[in-house]
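Single chain ahead, written as structure tokens, the form predicted on its own.
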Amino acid sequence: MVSFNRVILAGNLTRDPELRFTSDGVPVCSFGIAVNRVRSRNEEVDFFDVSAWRELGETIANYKKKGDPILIEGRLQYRTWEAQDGTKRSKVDIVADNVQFLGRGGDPGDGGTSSGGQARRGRRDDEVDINESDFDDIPF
């Protein structure tokens, strides 16, 4: 049996990220995102709850806020619980494995970031101009 559980979503945070800690001290960040439907004639939006654990969660909580654009890679997680009134509840959440902080459209100085790292627009420092004539003396 083949199984594959992978999700990639890009949208905007619907609320400020909330950072909490488990009883063992493991950080978990919870937030929501709104994703516009691409091929919808009406302007429809889907809303998703997301959780990010450990360093990834801390990074999101420290650098993102309501309204910020974000790309999320992760998996779906189905969970069930019993509500205070005794009814059984269930929900599908997204557990983030990786995120990219996206720049807002029209902000020329706002580059993307990946898991809190700094990304640069334009030429990267490790790019080198290559002149093919430099390879003429290579014996293969």
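These figures come from a predicted structure and were not determined experimentally. Residue positions are given as counts along the sequence shown, with the first one as 1.
The following text describes the form predicted in complex with the DNA, which does not appear among the structures shown.
Novice: Please pick, from Ala34, Val28, Val95, Leu71, the one residue with any non-hydrogen atom lying within 4.5 angstroms of the DNA in the predicted complex.
Specialist: Of the listed residues, the single hit is Ala34.
Novice: If the criterion is a non-hydrogen atom within 4.5 angstroms, does every one of Met1, Asn12 and Phe47 touch the DNA in the predicted complex?
Specialist: Affirmative, all three are within 4.5 Å.
Novice: Going by a heavy atom distance of 4.5 Å, is Tyr78 a contact of the DNA in the predicted complex?
Specialist: Flag for Tyr78 set to yes.
Novice: Answer yes if any heavy atom of Lys66 is within 4.5 Å of a heavy atom of the DNA in the predicted complex; otherwise answer no.
Specialist: Because a heavy atom of Lys66 falls inside 4.5 Å of the DNA in the predicted complex, the answer is yes.
Novice: With a cut-off of 4.5 Å between heavy atoms, is Arg54 one of the residues that contacts the DNA in the predicted complex?
Specialist: Output for Arg54 is no: heavy atoms all beyond 4.5 Å of the DNA.
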